[in-house]
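Just the one chain here, laid out as structure tokens, in the form predicted alone.
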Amino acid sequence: MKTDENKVMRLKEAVEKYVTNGCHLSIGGFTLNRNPMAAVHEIIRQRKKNLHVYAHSNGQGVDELIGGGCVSHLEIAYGGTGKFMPTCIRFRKAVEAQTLMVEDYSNFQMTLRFMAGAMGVPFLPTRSSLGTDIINKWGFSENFRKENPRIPDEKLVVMDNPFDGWCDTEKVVLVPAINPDVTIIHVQTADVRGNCRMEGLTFADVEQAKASRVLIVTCEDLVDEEYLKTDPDRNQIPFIHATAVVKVPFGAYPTACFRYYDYDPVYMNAYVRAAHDDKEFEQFLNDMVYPHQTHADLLDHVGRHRLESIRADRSCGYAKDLDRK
């Protein structure tokens, strides 16, 4: 790979080229934090269908993708946005209507699955979920697994500890690796080659990025490579993993991006009100997603005053005076 390769693309082009109907897609972020929302909205606008989605503990991004009719299968630990949606609303409706197939794992297991994919090994062992129904309840049927070679034959495997006697663990749980076709993450800072720096908690984004065949990075700031060479220990993802880099200020909006902006409670409350009703949700998409050609258009629609109200105090990383009701 050429070290001077410039991977900067427009978001519309990146989604159109790499997120194909039926592909296996992973999105980063955690509940209300650093969801790649600009990319999520672009996927919905392009009406991508039948996506097999992986997420750690996502919220807004997963729910809007499901509500937009983009997702047929989901593997996840948790879907919610705290007080706004303890359980994601369109996610729950799709499960109840049996239009979405879901397989659930623990938070730690999902991280291990991405880590296994990043390491190039078929599985990793853990004690997580021993004694729980995560082991017993499978979302994907045996027939579905046989018909889909990308899906492991078993959700997980419980086996005897082969080193019993050396430690006090009798059983271990083997969880299968994940290697998505595409992963999309949003970061604070990247350069044109795809070196990335995240501030605050990284969640499972690093493992997701390294496990994927294609990595689309959206970022707040696109900087010179020399900038990221200062304090290189603060960089988490090297350029070798990145496929496309897109500068999208407020690219996680309406979720939060640490040290840049907080989540928007106005958007979130409006979303929750609309998400409970199919017609109102369709109107929400018609107001907030479909008419906007770019994420900047959405921000203009929201209004700069509201964006200023959620701007983070750099000293603490969040908006101190934000009315979160």
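Keep in mind it's a predicted model, so treat the numbers as computed, not measured. Residue indices: 1-based, along the sequence shown.
From this point on, the text means the form predicted together with a further copy of the same chain, which you will not see here.
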query	finding
Contact test, all of F108, I151 and V157, partner a further copy of the same chain in the predicted complex, heavy atom 4.5 Å	yes
Close approach of N161 to a further copy of the same chain in the predicted complex, 4.5 Å, heavy atom	yes
a further copy of the same chain contact in the predicted complex: E199, any heavy atom under 4.5 Å	yes
V246: touches a further copy of the same chain in the predicted complex, heavy atom cutoff 4.5 angstroms	no
F123 within 4.5 Å of a further copy of the same chain in the predicted complex, heavy atoms	yes
